[in-house]
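Given next, in structure tokens, is a single chain: the form predicted alone.
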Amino acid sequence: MSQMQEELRQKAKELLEKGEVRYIIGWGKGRFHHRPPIFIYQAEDVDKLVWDEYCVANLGKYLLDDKFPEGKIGICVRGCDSRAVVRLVQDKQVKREDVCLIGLPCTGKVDQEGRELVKCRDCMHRNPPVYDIVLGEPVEEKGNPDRFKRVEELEKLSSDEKYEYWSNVFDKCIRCYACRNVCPACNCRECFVDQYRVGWQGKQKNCMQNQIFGLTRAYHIADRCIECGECERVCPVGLPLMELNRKLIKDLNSLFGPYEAGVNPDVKPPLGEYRLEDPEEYM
């Protein structure tokens, strides 16, 4: 058992015994190397909590299942989970006073075959930027100098080449909505694809309708994407969804200056406020 895992269990037990949290969201031991989200209500169950290289899933989204908690919710957060919670708080989906963030410095996660996840390879915040309690010692932040490398490669393509590339991508989409369901920035009460309004989103599966869904979702979270890569990780057909997300993030940075969603709760998203000096090339 790792020292960090033991610290996590001890802290969870303390929080539950003192009544400081009603329950704790963390990772548990599943089949083989699977680490599913787990909800711990009793102090005697803290030994079910797991912290290792297979704890992959972003936990932030699960806060939406209990928007009016009867007591604080303890939640384990790495850099990506912490950013997810900040996003939910800024979207007024979760109240900051309703959660206790248990920070866990992260050195990256691996898949079932032990290979480093792409989402972790590109991570720029291994330490949680926001937390109430932090366990262990901070790890070195490695940054991501190649953050927009793939976007820049795609930008060099001609208009026809870009259309062909993204048509091939979205032609594979099966519209399972796994990307939407796992994304902490996708937190509308009712998604536009679930609304029965003629002309919004067709139910048929074809490339055009897939493009409408993919592009609308990407624009919807343009300044709210925390770059956790969960959408791309859970996609059953392996669509490169972060290429599209990072293209919009790159454009926003060029228009409004550097911004990373979910890092600083006091900094408003660039599309969430208006400034007189905002660019207006479209006017």
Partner chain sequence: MQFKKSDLPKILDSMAKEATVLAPMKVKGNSKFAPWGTEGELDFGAQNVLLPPKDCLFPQTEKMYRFETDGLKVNDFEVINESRPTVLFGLKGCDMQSILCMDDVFLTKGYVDDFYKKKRDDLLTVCINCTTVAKECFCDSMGGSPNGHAAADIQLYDLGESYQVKAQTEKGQKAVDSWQQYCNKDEGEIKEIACELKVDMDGVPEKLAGMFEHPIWEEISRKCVGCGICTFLCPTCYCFDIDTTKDGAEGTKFRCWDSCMFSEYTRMAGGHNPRPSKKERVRNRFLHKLEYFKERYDKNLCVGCGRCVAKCPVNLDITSFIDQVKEVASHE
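Since we're looking at a predicted model, the values are computed, not measured. Positions refer to the first chain, counted from 1.
Below: the form predicted together with its partner chain, not depicted.
Thr107: heavy atom within 4.5 Å of its partner chain in the model of the complex?
No - in the model of the complex, heavy atoms of Thr107 and its partner chain never come within 4.5 Å of each other.
Taking its partner chain as it sits in the model of the complex, is His220 in contact with it (heavy atom to heavy atom, 4.5 Å or less)?
No, His220 sits far enough from its partner chain in the model of the complex that none of its heavy atoms falls within 4.5 Å.
So, His34 and its partner chain: in the model of the complex, are they within 4.5 Å at any heavy atom pair?
Yes, His34 sits close enough to its partner chain in the model of the complex that at least one of its heavy atoms falls within 4.5 Å.
Can any non-hydrogen atom of Asp194 be found within 4.5 angstroms of its partner chain in the model of the complex?
Residue-level check for Asp194: yes, a contact with its partner chain.
The single option of Ala178, Met124, Leu157, Val139 touching its partner chain in the model of the complex, heavy atom within 4.5 Å:
Looking at Ala178, Met124, Leu157, Val139 one by one, just Ala178 meets the 4.5 Å heavy-atom criterion.
Is every one of Ser2, Phe170 and Asn264 in contact with its partner chain in the model of the complex, taking contact as a heavy atom within 4.5 Å?
Not a single listed residue reaches its partner chain in the model of the complex, so no.
In the model of the complex, which of 139-147, 116-124, 90-98, 179-187 comes within 4.5 Å of its partner chain (heavy atoms)?
Selected range: 179-187.
Do any residues of 225-260 have a non-hydrogen atom within 4.5 angstroms of its partner chain in the model of the complex? If so, which ones, in sequence order?
Arg233, Val234, Pro236, Val237, in sequence order.
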